[in-house]
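Coming up is one lone chain in C-alpha cells, specifically the form predicted alone.
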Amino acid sequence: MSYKKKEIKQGINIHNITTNKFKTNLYAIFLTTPLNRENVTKNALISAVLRRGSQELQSQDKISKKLEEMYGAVFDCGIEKTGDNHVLKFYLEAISEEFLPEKEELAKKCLEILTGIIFNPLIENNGFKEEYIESEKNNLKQIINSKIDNKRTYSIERCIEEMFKNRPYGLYRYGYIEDLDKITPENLYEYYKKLISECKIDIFVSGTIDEEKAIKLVEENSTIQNLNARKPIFAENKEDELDGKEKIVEEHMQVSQGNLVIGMNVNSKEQEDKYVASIYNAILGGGANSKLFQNVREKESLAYTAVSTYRRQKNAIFIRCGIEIGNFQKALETIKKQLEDIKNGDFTDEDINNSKKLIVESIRGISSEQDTEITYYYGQELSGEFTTLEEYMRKIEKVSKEEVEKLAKEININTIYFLRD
C-alpha cells in the first residue's frame, strides 16, 4: 500500500491510496467548511439534495440506472462533524478496470459522474429543484426528530451539546428544524455556490490505480478544471478552552433505564499525549479488561454497559453507562474512584499491554476497509501532522505507565449528563 497527496490547485488536493487488497476502486470527494449555527442545516440539506440529480442525470432513477450499467457501481453520500468542521462526503465505488470483461475507461466515467453530482447540480429557475428541496426537508425533519428514539446516542449528543455549549462542536450535524422553514430553493443555491467556491476540497482515489494515473484522471476531469483555486475556509484542529468546573445536567423522559454520560477534558496540548490519552481511555473503558467494565459493571453490578471513548480531534473522553435510575449516585462514585485509581498509578503493566494490543489491532483494521482508510488519511490531512499507520502503532507501543499516570492528573470531568425518568 502507498499513500500520496498532491495539491492540484490551491485548496484542492488529490489523495491516492494504491492498494491491491480490493477488487473495487473507491472515489471520494470531501467538502470541508467550518461548523456554525447559521449554515449547519443548509449543509445537511445540500448533501441530501445533491444526490437527487445532476444536470446530466436529473433524477435518482437516472443515476441508479447509469451506475447499474457500470457493472453495479454504488454511490453514497452523507454529512459528518469532524472537530469544528462540517464535512459533506460523497463516494462512488466501482469494480477495478482490470477485472472488467473488456477494456473500458470506467475510472474516468466514475469521476465524471461523481463530480457532476457535486459540482453540476440540477438547477431550475435559479435554484435547486423545488420538489427535491421539499422532499429532502421532510426527510431531514424525520432524522432530526428521530434522534430522541435512540436514548444511548441521544444522551451522548446531549452531553456534547452541554459540554460544548455555544461552540461549533456542540452543534448537531443534521441541523435544526426551526431553520428549515427559512430555506428556499433560491437561497440554498446561493449558499451552495459560495460553499463550493470557498470550501476545502479533498479528492480520494483508492484501489489499484497508481499515483500517476490518479493524478492524470483528476487533472483531466473538465469539472475539476473549472473549479477556482481558493484559500480554503475550514477550522484548524484545536482544543477548546473549556470551563474547568464540573456541572451536572439532568433530563427527564419516559425511560426505564438511566443513561449516564460523563464528558472529560484532556488538558494537554502536546501532540504525543494523544497517544497516551488513547492508552488511558482503553484502560478506563476500552474493553472487557477495562476498569469501568470490571468494576462498575461486573464487580458492583451498577451498569448494563460501561464504556469510554476518546475523541481525538477535540481531546475529550466520554464515559457512557446504562444504569438503574436509583443507582446514579453509587455509579458516579464508583466511576470517579476508577479515575482516581489511574491518577494514583493503581493499574498494572498487564493493563497497559492489553490496551496496546486492543489499539494496535484496531489500527491494523483501518486498512481492511477502503472508506475507513480514506477517513484515516483525511483525519491526518485536517490535523496537519501526517502519521502513517506503522508510525501510529509504534507510538502506541512506546507509551509508558508513567506517562499514563502523569496524563491522568491532567484529565478532569467537565459535564455529567443523566437521562432519567
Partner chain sequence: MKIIESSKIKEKEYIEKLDNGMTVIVIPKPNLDKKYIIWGTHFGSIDNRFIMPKTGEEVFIPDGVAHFLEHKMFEQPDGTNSLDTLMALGLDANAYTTNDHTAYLFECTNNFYKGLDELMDYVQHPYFTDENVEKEKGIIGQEIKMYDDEPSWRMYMNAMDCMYKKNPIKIDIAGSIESISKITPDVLYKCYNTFYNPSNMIMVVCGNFKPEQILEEIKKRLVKKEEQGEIKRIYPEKETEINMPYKEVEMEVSTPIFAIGYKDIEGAEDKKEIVRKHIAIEILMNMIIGKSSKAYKELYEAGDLLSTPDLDYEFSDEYAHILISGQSKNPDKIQEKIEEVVDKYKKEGLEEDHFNRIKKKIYGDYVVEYNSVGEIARMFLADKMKGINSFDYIEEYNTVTKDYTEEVLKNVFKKENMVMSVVKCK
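Because the structure is predicted, anything quoted here is derived from the model rather than measured. Positions refer to the first chain, counted from 1. Rigid core here is just the name for the largest C-alpha set that superposes within 1.5 Å across the two forms.
Absent from the display: the form predicted together with the partner chain. The rest refers to it.
Requested in this report: Choose one stretch from 118-126, 198-206, 247-255, 225-233: the one whose residues place a heavy atom within 4.5 angstroms of the partner chain in the model of the complex.
Outcome: It is the stretch 247-255.
Requested in this report: Name the single residue among 184, 294, 267, 237 that comes within 4.5 Å of the partner chain in the model of the complex, judging by heavy atoms.
Outcome: Looking at the other structure, the residue within range turns out to be 294.
Requested in this report: Name the residue from 279, 332, 339, 302 that puts a heavy atom within 4.5 Å of the partner chain in the model of the complex.
Outcome: None of the other options qualify; the answer is 302.
Query raised in the report: Using heavy atoms and a 4.5 Å limit, would one call residue 143 a contact residue for the partner chain in the model of the complex?
Result: Output for residue 143 is yes: heavy atoms within 4.5 Å of the partner chain.
Query raised in the report: Would residue 93 count as a contact of the partner chain in the model of the complex, using a 4.5 angstroms cut-off between non-hydrogen atoms?
Result: Judged by the heavy-atom cut-off of 4.5 Å, residue 93 is in contact with the partner chain in the model of the complex.
Report task. Check whether residue 322 has any heavy atom within 4.5 Å of a heavy atom of the partner chain in the model of the complex, and answer yes or no. Result -> Yes, residue 322 lies within 4.5 Å of the partner chain in the model of the complex.
Query raised in the report: Applying a 4.5 Å heavy atom distance criterion, does residue 10 contact the partner chain in the model of the complex?
Result: So residue 10 does not count as contacting the partner chain.
Requested in this report: May I ask you to list the residues of 349-386 that have any heavy atom within 4.5 angstroms of the partner chain in the model of the complex, in sequence order?
Outcome: If the 4.5 Å heavy-atom criterion is applied to the partner chain in the model of the complex, 349-386 yields 354, 357, 358, 361, 364, 365, 367, 368, 369, 370.
Requested in this report: Could you tell me whether the Cα atom of residue 70 shifts by at least 2 Å between the shown form and the other one after core superposition?
Outcome: Comparing the forms between the shown form and the other one, which are aligned on their rigid core, residue 70 does shift its C-alpha by 2 Å or more.
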